[in-house]
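The chain below stands alone, shown as structure tokens; this is the form predicted on its own.
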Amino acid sequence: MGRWARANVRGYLFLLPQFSVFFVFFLIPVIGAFALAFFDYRPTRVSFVGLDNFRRVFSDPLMGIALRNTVLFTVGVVVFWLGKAMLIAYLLDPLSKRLQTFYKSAFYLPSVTSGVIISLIWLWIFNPTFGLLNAALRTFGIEGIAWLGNPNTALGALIAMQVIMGGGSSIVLLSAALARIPREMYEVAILDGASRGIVFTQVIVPLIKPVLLYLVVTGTINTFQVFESIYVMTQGGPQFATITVVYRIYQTAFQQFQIGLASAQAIVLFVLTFALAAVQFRWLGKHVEY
């Protein structure tokens, strides 16, 4: 065995542990899920049903409601969360490195906290009787609201929670992108009479497009799979106002024990997410230089 072959063998040996974990805990379950989608797989019986599970997915009215809620949740969270991150990163950019580090650490801290813990805290904040939010409203003479108990406010309350608590990693990435822009470009634009709004839209945004594209795509994918806050705070209610696609998959698999149907739902979610990411790359990726 030559030197080149021995070097390759060593490389494959170093990759083997990580690949084994990937193969056992990711690749095999994904392949199994694709296979199960064509079976009626229950604890008591297994039978091949072909495409019947997919027909049931598209004829399920709750799946349609879940998809609508998921799209509304994703659009609301990604738009406002990214806008918040851009605004904060823009305001932090003129500060000293020490202050930037402090504020970026403060904004990033919630992203390393358990989502379940954050959901429990906000469950107390939204409590209609003794919650912090309604207590603040009462000080201004406004009657308290059942934020999570009203179908008209439940989804909006969850979106607001996600926007307020999210965006820490995005602020760090956008701050790094802004730091790479040469200061001379700002000075030239200002000398030419450009306002701060023109500088932001015509100078800053085009130069950070790759980071924005990455944040929009990954944010959409992650938000489209929202589950833990729904499970902890609303259980899909009230009146299915907050049921999402992943929570519907959970109900099908672990409450109704229809594993084959849940696998078909998961495949539909994967196809929708993949198509959405492809559209975003096609639409937002124009004129982006990496």
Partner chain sequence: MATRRPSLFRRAVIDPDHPVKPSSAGAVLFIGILSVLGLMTLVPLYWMVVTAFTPPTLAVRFPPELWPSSPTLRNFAAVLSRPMFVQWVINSTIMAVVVTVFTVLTASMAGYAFAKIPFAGSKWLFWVLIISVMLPFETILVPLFILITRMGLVDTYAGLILPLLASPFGVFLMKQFIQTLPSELMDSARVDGANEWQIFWHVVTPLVTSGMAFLGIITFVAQWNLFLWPLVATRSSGMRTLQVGLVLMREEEPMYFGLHMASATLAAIPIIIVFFAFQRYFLRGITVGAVKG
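Residue numbers count along the first chain shown, from 1. Note that the rigid core is defined as the largest set of C-alphas that superpose within 1.5 Å between two forms. Here the structure is a predicted model, which means the values were calculated and not measured.
There is also a form predicted together with the partner chain; it is not shown, and the following applies to it.
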If contact means any heavy atom within 4.5 Å, which of 257-265, 236-244, 66-74, 51-59 contacts the partner chain in the model of the complex?
-> 257-265
Only hit among 132, 79, 205, 198 for heavy atom within 4.5 Å of the partner chain in the model of the complex is 132
If you check in the model of the complex, is residue 127 within 4.5 Å of the partner chain, heavy atoms only?
-> yes
Would you please decide whether residue 123 lies within 4.5 angstroms of the partner chain in the model of the complex, comparing each non-hydrogen atom pair?
-> yes
Partner contact for residue 250 in the model of the complex: the partner chain, 4.5 angstroms, heavy atom | yes
Heavy atoms within 4.5 Å of the partner chain in the model of the complex: does residue 147 have any?
-> no
Scan 60-87 and write down, in order along the chain, each residue with a heavy atom lying within 4.5 Å of the partner chain in the model of the complex.
-> 84, 87
Compare the position of the CA of residue 68 between the shown form and the other one after a rigid core fit and state whether the shift reaches 2 Å.
-> no
Shift of residue 42 between the shown form and the other one at or above 2 Å (CA, core fit) = yes
